[in-house]
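Just so you know, structure 1 and structure 2 below are the same protein chain in two forms, each on its own as structure tokens.
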Structure 1
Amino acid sequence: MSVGDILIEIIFLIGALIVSLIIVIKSADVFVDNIVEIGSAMGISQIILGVTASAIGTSLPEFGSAMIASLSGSAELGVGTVIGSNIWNIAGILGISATVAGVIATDSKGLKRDALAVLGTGFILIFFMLFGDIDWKASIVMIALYLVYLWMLIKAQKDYAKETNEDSDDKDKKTKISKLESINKKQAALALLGLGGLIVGCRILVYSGTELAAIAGIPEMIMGLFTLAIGTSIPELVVTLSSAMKGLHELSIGTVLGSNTFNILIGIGVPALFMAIPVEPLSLSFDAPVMIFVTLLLIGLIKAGGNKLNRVGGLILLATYITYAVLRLYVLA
């Protein structure tokens, strides 16, 4: 391929990146607005909505990338994408969101449940990584644990609905019934359209980023940890930032925490059903421990801020991610 052809390809890929970014941003806005309306009408709490519908929806690109990478024989790329995404989700996405929005508040009960779930799944992943390849036995445990987590969320939502109903008078109940009846096909269609736009836009984004990285000669594991990890996490970034800017703080936190839990237990668990996932030594000794560290750091910063992640905390998270990236790319690579 001539220099001219390579230059044309690079220009085309950069153009695709810009277009896909516009699609993703607009789609996330439509998705957030409509999912909040639907959740509110159904009486679902913001944080439950965040760790379920929003988290799973925005995690589909990571899951798809990990699944495709694993089944195509690039399993290290899949593991790198998941671990890299989880580090980026907390240190990068919440760091950016808190810095831009100024503060992200959260509910202590929801934080305790969902942050501990993220922390626990991180330790579970490291445990299985210690034995070498992640195989079908680990996969069954991971998927079962995610089902337990979903059960806990359903129970928490029932408790929330019960408390809300007890605190509501007849007028409030009639308003809720009216809101529930107001959910129409248009809102549901727009929410699905927004989610579809996120997935398609991110697919173009990831393809463009991956091709550019390949042209630049970036190694596969590094591509997974950074190029694909950040690219496939664009939905979480846009949804989390959009939610934080709109004051939907619990939806913002819930999307990231729920996404991280889903990424590990399903994003690695399901592909491992079909083939053993190899573990790179540096992922076990450095990347996975960093993932645990940033989770603990997030919990500590929120607790120090009185159940709020403020701008200073956001800057600390961003500085942590930059430090990790420099060490991983230039010192340990």
Structure 2
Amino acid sequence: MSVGDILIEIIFLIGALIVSLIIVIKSADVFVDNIVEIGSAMGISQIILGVTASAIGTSLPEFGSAMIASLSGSAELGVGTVIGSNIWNIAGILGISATVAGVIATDSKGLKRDALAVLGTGFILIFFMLFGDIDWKASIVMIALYLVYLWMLIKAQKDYAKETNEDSDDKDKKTKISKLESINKKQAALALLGLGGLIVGCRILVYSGTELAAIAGIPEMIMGLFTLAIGTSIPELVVTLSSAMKGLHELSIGTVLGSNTFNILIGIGVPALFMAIPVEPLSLSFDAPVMIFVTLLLIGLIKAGGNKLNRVGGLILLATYITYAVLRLYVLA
């Protein structure tokens, strides 16, 4: 193959990567939206739907990629995507958001719960990694833990609704009656379309990722840790940055921490049900610990800023991410 051919193939693959990312993100959005509508028509409480949708919605691209990567024999790409996403979410996305918006305030009760969840999740991951491949036994533990966490989120939202006197039960009954008639074919079709787009998009995404890695001579792990991790985290970036700029602080930090918990417990947990996920030594000795480190750094910066993440904190997080990237790409690889 001539240099020209290779160049064309690279451009084509990069194009495929970008297009498939957009398809994946848009499809996830359509899927979640319509599943919520259908769930609502079936009488599932608005609170449960809302919390679940928010928790899972922005992380479907990571989950889809990890799942498909594992099923198609590129599990390293999958794990890299998840761990890389988590590091990017905190150091990159929160770093950028705090730097641009100037300040991100936090709700200390929710922060405590979510931060502990993320930290706990990180330690649990490392724990399982120490035993070698992550297999179905670890998977069951991780999925169960996520369900517990989700239940806690739902309970917290229910308590909040009671406090603000929203009669959620009454509301639900009324909407149940009127909406049962309207589970229409359109919503079901759109949900399926969204799911299909997600699967196809992720397949193309993983494919272009692995091919680019092969052509450029980059390990799949690195492709996952950086390119796919940042790409699949675009929804988190968009939500976190714009809500930080609008002063909707809870949404900002909550999105990132909730995503990180989901990414590990479900993004690695579910694929592990189907096949043992291999553990690359460098992930165990460097990437996963860095993930825990940036989480602790975030908590420290928030405490130091008086329960707020300020611009200085944001810049420190960004600097940390750049340091990590440089080390991982040039020094350790």
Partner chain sequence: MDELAEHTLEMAQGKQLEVIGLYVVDTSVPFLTPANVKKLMKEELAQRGEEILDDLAQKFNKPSTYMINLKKVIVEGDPSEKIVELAAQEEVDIIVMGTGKSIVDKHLLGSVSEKVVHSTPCSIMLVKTVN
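The model shown is predicted, which means the values in this text are computed figures rather than measured ones. In this text, rigid core is short for the largest set of C-alphas that superpose within 1.5 Å between two forms. FYI, numbering is relative to structure 1, first residue = 1.
The first of the two structures is the form predicted on its own.
A movement of the C-alpha atom of Leu7 reaching 2 angstroms or beyond is seen between structure 1 and structure 2 when the two forms are aligned on their rigid core.
The Cα position of Ile316 differs by less than 2 Å between structure 1 and structure 2 after fitting on the rigid core. With the core held fixed between structure 1 and structure 2, Leu17 has its Cα displaced by at least 2 Å.
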